[in-house]
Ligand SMILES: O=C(O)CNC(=O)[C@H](CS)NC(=O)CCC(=O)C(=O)O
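Okay, so here's just one chain, in structure tokens, the form predicted alone.
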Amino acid sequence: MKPYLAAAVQMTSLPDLHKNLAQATDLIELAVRRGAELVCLPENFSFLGDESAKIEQAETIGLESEKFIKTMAQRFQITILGGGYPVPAEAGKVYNTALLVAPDGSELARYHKVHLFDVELPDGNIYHESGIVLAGSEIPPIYASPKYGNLGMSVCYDVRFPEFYRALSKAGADVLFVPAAFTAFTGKDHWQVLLQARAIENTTYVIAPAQTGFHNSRRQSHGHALIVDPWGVVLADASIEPGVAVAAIEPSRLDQVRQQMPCLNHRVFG
């Protein structure tokens, strides 16, 4: 592992595949111009809006999303995470899939989101992700990158389940990905503190690309794509407009924090 710059992309995705991919292209290019070698796209980067439309177009969205991720990796010679797009599954449902791709376009790791967002919020919005998404059944394997460290994948609602990240940590994770489309209502109170908690308790970096703004007349995302260091310090925050949060991932910082606070060595349970 060497020091490098990572980018958490922040988008306002819409129910329009081609507009979203054009927006993502511009933001990936911006991240690369700022020196990022590892670029992470948020959940629903290629389509966010009406769920019935997503199901109707799932095969196209899935194929185009995967092609896009691999094309961007090769064009810009970066490692890229495409964090949450529909891949057709059984019984008319889809997997919410995250894909990590190398600069040559080859697949490094794939994860189907395990924890599904079935919640009725006090602001009147009702989310029933399991209505169209089939939950994954496995915690993803760590991808051990010689350049970027041991990389652990997750998606959005997973962040509320610390045991998931402890499993990744026990498997050796140095960096945790949390691509998300966090709601505005929950995000204002929970988003940053959850990411900081996952970083602190596992002494890892957290890279959390995000959705922001209104995606249709009702759905609004919180924004604030973040990169957090192993001490819980927020290194970069994309605020509330589309853009990128870029920060350095430093192996020496990982070593320092793990020596100062060796809590993983002191575990009694789990």
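Counting begins at 1, following the sequence as shown. Remember, it's a predicted structure, so these values are computed and weren't measured experimentally.
What comes next is about the form predicted in complex with this ligand, which does not appear here.
Although the partner is absent here, residue 148 is not a contact residue: none of its heavy atoms lies within 4.5 angstroms of this ligand in the predicted bound form.
In the predicted bound form, no heavy atom of residue 143 sits within 4.5 Å of this ligand. Although the partner is absent here, residue 182 sits close enough that one of its heavy atoms falls within 4.5 Å of this ligand in the predicted bound form. Although the partner is absent here, residue 44 is a contact residue: one of its heavy atoms lies within 4.5 angstroms of this ligand in the predicted bound form. The three marked residues, 4, 75 and 79, fail to reach this ligand in the predicted bound form, with no heavy atom of any inside 4.5 Å. Proximity to this ligand in the predicted bound form, taken as a non-hydrogen atom within 4.5 angstroms, holds for one residue of 48, 61, 238, 27, which is 48. From the list 168-176, 86-94, 110-118, 135-143, the contact stretch for this ligand in the predicted bound form under a 4.5 Å heavy atom rule is 110-118. Residues of 144-165 that come within 4.5 Å of this ligand in the predicted bound form, judged by any heavy atom, are 156, 157, 160 in sequence order.
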